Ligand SMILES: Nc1ncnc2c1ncn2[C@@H]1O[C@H](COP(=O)(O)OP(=O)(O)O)[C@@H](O)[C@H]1O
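Below you'll find only one chain, the form predicted alone, shown as structure tokens.
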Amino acid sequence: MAAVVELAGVSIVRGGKHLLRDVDWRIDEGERWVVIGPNGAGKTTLLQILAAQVHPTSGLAALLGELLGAVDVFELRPRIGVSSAALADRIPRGESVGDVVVSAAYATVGRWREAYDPVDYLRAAALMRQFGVEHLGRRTFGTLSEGERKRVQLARALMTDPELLLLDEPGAGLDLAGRERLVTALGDLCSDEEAPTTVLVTHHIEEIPAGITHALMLADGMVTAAGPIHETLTDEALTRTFGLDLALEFTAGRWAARARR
């Protein structure tokens, strides 16, 4: 099976501080990973490497068969779909939802004078239907609820039919209903054999959707555990990662964690 991501001894140092330290990680085609860890563990920094936005300070990072530092990242990035709060902040609030999604075909944020083919509009419409936001097509992005914005971002992230899909804390800021709708949509996506290799970052166990196959756990920039999710996500590994005595539950395909009394 082909490797989509290969990291070997990857470290990131900023201002003398290690944000990541000696990370080894391989993601094979078709796998669905969740990255779990407390705030400040290095999760977003790790995702920035996978998005070809940041180069390692040391170590080697290969994405989609290309070595960072030896490839034009502007050719690599369109092969990677990203949904993140940082990207959402760049989307003009007056942009129509339809344009937010279709403009991903040119990897632009904020439509200008690009000309799109009918096939682009058809794909955008299909993705908006998939995530239940097609009725919002003429609404502006700034008028949407947080849950609606998250689902629009998912549609946008898939617009270019990426080989690697990166989701940075997609459930952040959602209320209970919004979170559950999103987790259901993500579960459908991750369970689809035709969907791209996916990496989802979260620090909430309850946000892990169905279809996730593997887990990587981070603390203080270092990997504490990695592998198939049902072997890796354990009481012991979670306790070690978060520094609190935690007990896991797995019921009806969903995870939950509680502190032991």
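In case it trips you up, residue 1 is the first one in the sequence shown, and so on. On a predicted model such as this, the values are computed, not experimentally measured, just so you know.
We do not show the form predicted together with this ligand, though everything after this point is about it.
Visitor: Hey, in the predicted complex, does Pro56 get a heavy atom within 4.5 angstroms of this ligand?
Guide: Outside the cut-off, so no.
Visitor: Is Thr197 close enough to touch this ligand in the predicted complex, meaning at least one heavy atom pair within 4.5 Å?
Guide: Contact with this ligand, no.
Visitor: For Leu19, is any heavy atom within 4.5 Å of this ligand in the predicted complex, or not?
Guide: Close contact exists here: in the predicted complex, Leu19 approaches this ligand to within 4.5 Å, heavy atoms only.
Visitor: Determine whether any heavy atom of Thr224 comes within 4.5 Å of a heavy atom of this ligand in the predicted complex, and answer yes or no.
Guide: Answer no; every heavy atom of Thr224 is more than 4.5 Å from this ligand in the predicted complex.
Visitor: Go through 224 to 232, 42 to 50, 65 to 73, 204 to 212 and give me the stretch that gets within 4.5 Å of this ligand in the predicted complex, heavy atoms only.
Guide: This holds for exactly one stretch, 42 to 50.
Visitor: If you look in the predicted complex, which residues in 60 to 90 sit within 4.5 Å of this ligand (heavy atoms)?
Guide: Read in sequence order, no residue approaches this ligand (within 4.5 Å, in the predicted complex).
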